[in-house]
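Presented as structure tokens, the chain that follows is alone, the form predicted alone.
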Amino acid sequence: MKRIGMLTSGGDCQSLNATMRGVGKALFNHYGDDVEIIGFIDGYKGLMHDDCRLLEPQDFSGILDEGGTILGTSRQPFKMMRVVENGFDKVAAMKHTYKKHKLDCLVVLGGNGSQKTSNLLREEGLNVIGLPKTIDNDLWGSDVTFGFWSAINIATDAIDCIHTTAASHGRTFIIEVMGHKVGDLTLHAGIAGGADIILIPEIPYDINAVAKAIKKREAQGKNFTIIAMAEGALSKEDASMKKKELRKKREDLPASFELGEQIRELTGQEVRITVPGHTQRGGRPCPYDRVLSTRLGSAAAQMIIKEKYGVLMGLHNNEIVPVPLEDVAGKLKTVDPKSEIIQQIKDIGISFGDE
């Protein structure tokens, strides 16, 4: 009898259910009645406090296109430096639950923080397999993470809708897209939505360059401008600030609202700000994510069958391959400002506010 634990950790996103379905169906197809899958409720919290339920084959039916997660999720329950809090050893508690249920492996669907914890548990001697979840596509070890393209679809739809009202009223619109540290989601949604200016954390912008791009459009007879801006986008002045100073500044004034005020002052343009927010993480997964998630889940099941643990299943050149968790933990995948895609988009006249 194989006993497999599974949890979803961190922010929710599309295709969590589709990925679990891939794991579950592949395991039941191979082992039949000789496998038990135990789902832990609300991520690592469930593992710490032994809050779980047995997942039956029917639990994996009808969830391919269902958003959210049937197991619930929660943010990282602890910083790595605080594994012991108020006398409660969180890592010891998770190890105890793992051993109590006599698990052969724990499957973790999560992003950077979640996989960092996965690697910590691996170092503690547990068999772990990670699956790459994040709409930001910032997890090292996979070309694409599930949830990314679904979020692009939603952010792109928001930009498409804004286009008509921006053109009708002759306004500059800033669409704030999710992404604190990495701008891949904003980059792709901005391209797909036909944004005129794209601002991402990896390329600090000059407000004068942004104003120049808007005035250039005005000179061409274009009375509106669409700006796709990552929530973590930085001006060159912001980029030189210390983290604590910048955090305090952002508590008082979000980056998109500061940019809006500066554009009004420098161009005289009427500015509106749209924040799609958590809609980007919600709803049904797109077809691409459903396919990717099914492949990732099935590949994770194959690793379990072969008893090859301590890996993250990642997509590389359209093939699913195992990547050592120790190579993934703590690494952030960012947009390369010198990459081919950035240059190609600059070549068609889109501004990144840096020149």
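Keep in mind that this is a model prediction, so the values were computed, not measured. Numbers follow the displayed sequence, beginning with 1.
Not on display, but discussed next: the form predicted in complex with a small molecule.
Among heavy atoms of I135, some come within 4.5 Å of the small molecule in the predicted bound form. Taking the partner from elsewhere, H180 is found to have a heavy atom lying within 4.5 Å of the small molecule in the predicted bound form.
By the criterion of a heavy atom within 4.5 Å, K102 is excluded from the residues contacting the small molecule in the predicted bound form. Looking at H278, you'd find a heavy atom of it within 4.5 angstroms of the small molecule in the predicted bound form. The contact with the small molecule in the predicted bound form, taken as any heavy atom within 4.5 Å, belongs to E231 out of D196, E231, D184, E202. This chain lacks the partner; the member of K95, R75, R250, K116 within 4.5 angstroms of the small molecule in the predicted bound form by a non-hydrogen atom is R75.
Just one listed stretch, out of 135-143, 218-226, 155-163, 188-196, contacts the small molecule in the predicted bound form at the 4.5 Å heavy atom level, and that stretch is 135-143.
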